[in-house]
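Here we start with a single chain on its own, the form predicted alone, put down as structure tokens.
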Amino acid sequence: MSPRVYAFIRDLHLYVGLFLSPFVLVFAISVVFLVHAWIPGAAAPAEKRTVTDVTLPPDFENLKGREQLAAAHTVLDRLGVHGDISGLRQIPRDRRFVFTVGLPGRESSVDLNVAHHTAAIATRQTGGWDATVYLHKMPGPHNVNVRGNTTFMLVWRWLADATVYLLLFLSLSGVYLWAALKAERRIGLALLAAGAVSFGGIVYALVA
């Protein structure tokens, strides 16, 4: 193995690891809260208000898809509600729209009555710990056609993807660097085997 190649991969492994450490910390902390289903401060009471004379875009009720989302953001901006729309439910019979709008540490629910041009808004500050859970779940597999409709979440989606790919690089480069150290091969093989057995046991328990 060329010493120059080894040194390059070692330095890249180090710097990529340092760059990823804050993202890994967010995912690690949020997993603890997700597993134990308890988030400090997330159950804070909501602040409620009602807005009248809400101005709506033309033909708002008949819009679909991304056009509807764009129009909804226009309405929400006028209401002073900002964030990613994670849920949008239309109730044609009552001419109502119910939005769930989120940002890390804040969650809002907006009940828009098109017929009366009013909006009932409930905003809850969920705190910093809940923000890590929000970032872990967003973007996620639910409502993929709706999520990621703000610049913040689009950037976070790219960063989340980059974290996965760079972690794969760290794993492969770590194995490469370990293989170059003859003195560490025996204990490395033992740890690889232990990890493989543990993973295999978990998979077997899930599918059995």
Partner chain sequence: MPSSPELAAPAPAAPGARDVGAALRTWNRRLHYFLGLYFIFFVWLFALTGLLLNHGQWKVAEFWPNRKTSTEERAIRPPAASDQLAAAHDLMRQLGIVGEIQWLATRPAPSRLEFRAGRPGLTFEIQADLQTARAKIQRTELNASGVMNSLHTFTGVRVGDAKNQRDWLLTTIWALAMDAVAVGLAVMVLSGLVLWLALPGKRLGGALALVGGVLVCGWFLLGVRLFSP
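Positions refer to the first chain, counted from 1. Worth saying up front: this structure is predicted, and the values here are computed from it rather than measured.
Just so you know, the form predicted in complex with the partner chain exists too; it's not on screen, but the next bit is about it.
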{"item": "In the model of the complex, residue 156 touching the partner chain (heavy atom, 4.5 Å)", "value": "yes"}
{"item": "Interface membership of residue 82, the partner chain in the model of the complex, 4.5 Å heavy atom rule", "value": "yes"}
{"item": "Close approach of residue 172 to the partner chain in the model of the complex, 4.5 Å, heavy atom", "value": "yes"}
{"item": "4.5 angstroms heavy atom contact with the partner chain in the model of the complex for residue 128", "value": "yes"}
{"item": "Option touching the partner chain, based on a heavy atom within 4.5 Å in the model of the complex, out of 31, 63, 70, 44", "value": "31"}
{"item": "Heavy atom contacts to the partner chain in the model of the complex at 4.5 Å, residues of 98 to 112 in sequence order", "value": "103, 104, 105, 106"}
